[in-house]
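One chain is shown next in structure tokens, namely the form predicted alone.
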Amino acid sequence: MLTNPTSDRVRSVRGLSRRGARRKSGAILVEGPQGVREVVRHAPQDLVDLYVTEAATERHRDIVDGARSAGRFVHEVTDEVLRAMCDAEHPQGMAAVVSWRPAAIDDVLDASPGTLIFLTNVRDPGNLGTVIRGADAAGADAVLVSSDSVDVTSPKVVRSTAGSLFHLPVVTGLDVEDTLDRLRAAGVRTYAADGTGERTVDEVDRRSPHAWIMGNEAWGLPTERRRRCDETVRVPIYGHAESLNLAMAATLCLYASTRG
């Protein structure tokens, strides 16, 4: 059992809360049983180390047994050590170091995607993670993230995906204008999601390959970026709400795609 919260190993794991350490190591920190379970189920080959308290070992035997069956390293730790390792205030008895690398835009486009979502200048970690989760639930083919958005591998984003980060391709570091051009060249229609749209998300062609283009939480998509898209569309608001939260609007767009 690991009992020293100031050990080199603990400091190394804690260091994954920093972007530079994640880039250098090619690893991320997944905190809590929900996210770790999805790693064990869907990407066991990428699980480097699992750290778990005695109580969590008993509570989540399926996760621990699955990790061991996959030949992964499982380390029992004290509650104090786990808290020292994690970014989350309450890591729920479990954390994992996981190898992760973004998908490539070429691979996504070569697979002839039907539905994509492109997040541009999204700054809130919870919003970004929730959109990835919504894209997974709605069966999107991939999530595209611009270089001016929050880091997908940050612990807060990873937690808010609830494991969906390991279910579908996520492409990061994209230049917005270049990506819009590439989508168009690949035959993917681009729909800028904005309240100024004349047509609603239910009134545009969603049977053909398409991508929903989302802007910043506060100011949305700049005019010049909307003009580069095939059409600006809106999520209809029937009550008196001034607008919708970014993650909510993105999820509604994605579910509109499921209605074809």
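Note that the coordinates shown come from a computational prediction; the quantities given were computed from them, not determined experimentally. In case it trips you up, residue 1 is the first one in the sequence shown, and so on.
Below, we turn to the form predicted together with a further copy of the same chain, even though it does not appear here.
Put simply, Pro236 is close to a further copy of the same chain in the predicted complex: some heavy atom of it is within 4.5 Å. Using a 4.5 angstroms limit between non-hydrogen atoms, Val10 is distant from a further copy of the same chain in the predicted complex. Contact annotation for Thr130: at least one heavy atom lies within 4.5 Å of a further copy of the same chain in the predicted complex. The shortest heavy atom separation between Ser146 and a further copy of the same chain in the predicted complex exceeds 4.5 Å. Contact annotation: of the candidates Arg72, Arg83, His167, Arg159, the single residue with a non-hydrogen atom within 4.5 angstroms of a further copy of the same chain in the predicted complex is His167. Residue-level contacts in the predicted complex: of Arg199, Arg228, Arg59, His42, one residue has a heavy atom within 4.5 Å of a further copy of the same chain, and it is His42. Between 73-81, 100-108, 179-187, 132-140, the stretch whose residues reach within 4.5 angstroms of a further copy of the same chain in the predicted complex through a non-hydrogen atom is 132-140.
Although a further copy of the same chain is not shown here, in the predicted complex the stretch 236-259 places heavy atoms of Pro236, Ile237, Tyr238, Gly239, His240, Ala241, Glu242, Ser243, Leu244, Asn245, Ala247, Met248, Thr251, Leu252, Tyr255, Thr258, Arg259 within 4.5 Å of it, in sequence order.
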